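Next up: a single chain in structure tokens, the form predicted on its own.
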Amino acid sequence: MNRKVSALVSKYKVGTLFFLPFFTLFVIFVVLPIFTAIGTSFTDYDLLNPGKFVGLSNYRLLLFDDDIFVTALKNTLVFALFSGPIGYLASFFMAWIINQLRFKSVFALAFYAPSITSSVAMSVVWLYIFSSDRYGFANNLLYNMGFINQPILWNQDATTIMPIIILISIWMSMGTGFLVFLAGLQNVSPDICEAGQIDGIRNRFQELVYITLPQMKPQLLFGAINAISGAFGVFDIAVAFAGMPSPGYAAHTLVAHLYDYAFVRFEMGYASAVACVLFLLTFFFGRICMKVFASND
């Protein structure tokens, strides 16, 4: 047994040395915080006094007595349901279209540029577009076209806040996933496409379905995980556009609820319970994506 272990260590020594720094940082900054949050979620801890074990009290309060948490959960699921899939599909199809153009780099930069800028800065730009006064771009345009006779309170009306935040998020979704899709499309072998045409592929859409997508499962999986993490982790855009708390808690998400209890009220045990629920949701949908895009090889 020791000889087998020694042989494996000797065989993969160089690879292990390259992998070790990443693994060490991953354990310190990802694995340990997860287990720390799980342990803290069973305590009453305020950063000043030692944590007191309270069992499932935080989860019971969270699930049965906290109406704001229910609102935050509903808002997060609605946001993820729309912004996640739409942003994912938009990123892929824009990458697919750009991949067929002549000046790929120029168009790729144009679509990727919004994600380079911080979400807060982009929200300021969109605040000008959807300003609640007469001189906001959207209000002024609708007023001149005769659709409205008084300004729409875009970031103060609970019925308009979430749709606009979803719109901003989709517009900013042309980020890392977009570049990964574009790289994956460029790595599809032209020989396979030519062979497909010989076997009966008649148009670009059939080529996409039968050749391109099966060849891009790793990139599709990465983009899906990235979209899920972004959708369930929405916070900066919502706060910058609608404030915190937002009118009628229309843009109050799980991350905002976590931030409120962790850094405003300093109830770290309760905030950790919110973080655990958020982690379970993200993990659940991530596992579904891994099942869908898992390679059969």
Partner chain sequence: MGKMTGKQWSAGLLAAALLILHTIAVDGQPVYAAEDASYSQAVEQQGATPAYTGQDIVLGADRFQGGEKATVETVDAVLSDENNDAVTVTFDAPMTGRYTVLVRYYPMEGTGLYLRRRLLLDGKLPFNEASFMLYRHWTDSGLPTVNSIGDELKPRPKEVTGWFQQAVSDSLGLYSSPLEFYIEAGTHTLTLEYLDQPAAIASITLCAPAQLPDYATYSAAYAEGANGEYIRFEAENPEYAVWRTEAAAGITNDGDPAVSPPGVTNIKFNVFGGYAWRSSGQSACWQFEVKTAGYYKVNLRIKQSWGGNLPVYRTILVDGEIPFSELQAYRFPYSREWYSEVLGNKAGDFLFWFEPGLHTITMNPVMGELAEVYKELETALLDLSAIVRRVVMITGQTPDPNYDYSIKTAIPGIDKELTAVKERVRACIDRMTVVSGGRTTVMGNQLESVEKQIGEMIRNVERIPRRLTDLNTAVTSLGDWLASLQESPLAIDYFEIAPPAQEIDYSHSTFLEKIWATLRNFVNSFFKDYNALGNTGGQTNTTIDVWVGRGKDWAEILKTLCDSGFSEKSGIAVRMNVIPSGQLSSTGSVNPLLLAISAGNAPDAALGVASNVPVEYALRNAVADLSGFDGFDEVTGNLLPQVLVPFGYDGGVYGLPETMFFRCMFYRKDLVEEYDLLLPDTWDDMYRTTLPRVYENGMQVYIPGWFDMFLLSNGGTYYTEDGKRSALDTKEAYIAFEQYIETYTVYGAPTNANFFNRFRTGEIPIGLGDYGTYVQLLAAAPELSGRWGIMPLPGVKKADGTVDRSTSGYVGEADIILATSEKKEEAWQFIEWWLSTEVQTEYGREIEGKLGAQARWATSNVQAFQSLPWNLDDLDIISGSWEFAKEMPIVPGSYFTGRHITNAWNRCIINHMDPRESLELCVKDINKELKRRQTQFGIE
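Please read these numbers as outputs of a predicted model, since none were measured by experiment. Here the rigid core means the biggest group of C-alpha atoms that line up within 1.5 Å when the two forms are laid on top of each other. Residue numbers count along the first chain shown, from 1.
There is another form of this protein, the form predicted in complex with the partner chain, and it is not shown here; the text below is about that form.
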{"query": "Check all three, 140, 156 and 259, heavy atom within 4.5 Å of the partner chain in the predicted complex", "finding": "yes"}
{"query": "4.5 angstroms heavy atom contact with the partner chain in the predicted complex for residue 144", "finding": "yes"}
{"query": "The partner chain contact in the predicted complex: residue 42, any heavy atom under 4.5 Å", "finding": "no"}
{"query": "Touches the partner chain in the predicted complex: residue 103 (any heavy atom, 4.5 Å)", "finding": "no"}
{"query": "Contact of residue 132 with the partner chain in the predicted complex (heavy atom, 4.5 Å)", "finding": "yes"}
{"query": "One stretch from 156-164, 70-78, 197-205, 83-91 that, in the predicted complex, holds residues within 4.5 Å of the partner chain by heavy atom", "finding": "156-164"}
{"query": "Partner contacts for 254-291, taking the partner chain in the predicted complex and a 4.5 Å heavy atom cut-off", "finding": "259, 260, 261, 263, 264, 265, 266, 267"}
{"query": "Residue 51 C-alpha relocation of at least 2 Å between the shown form and the other one, rigid core basis", "finding": "yes"}
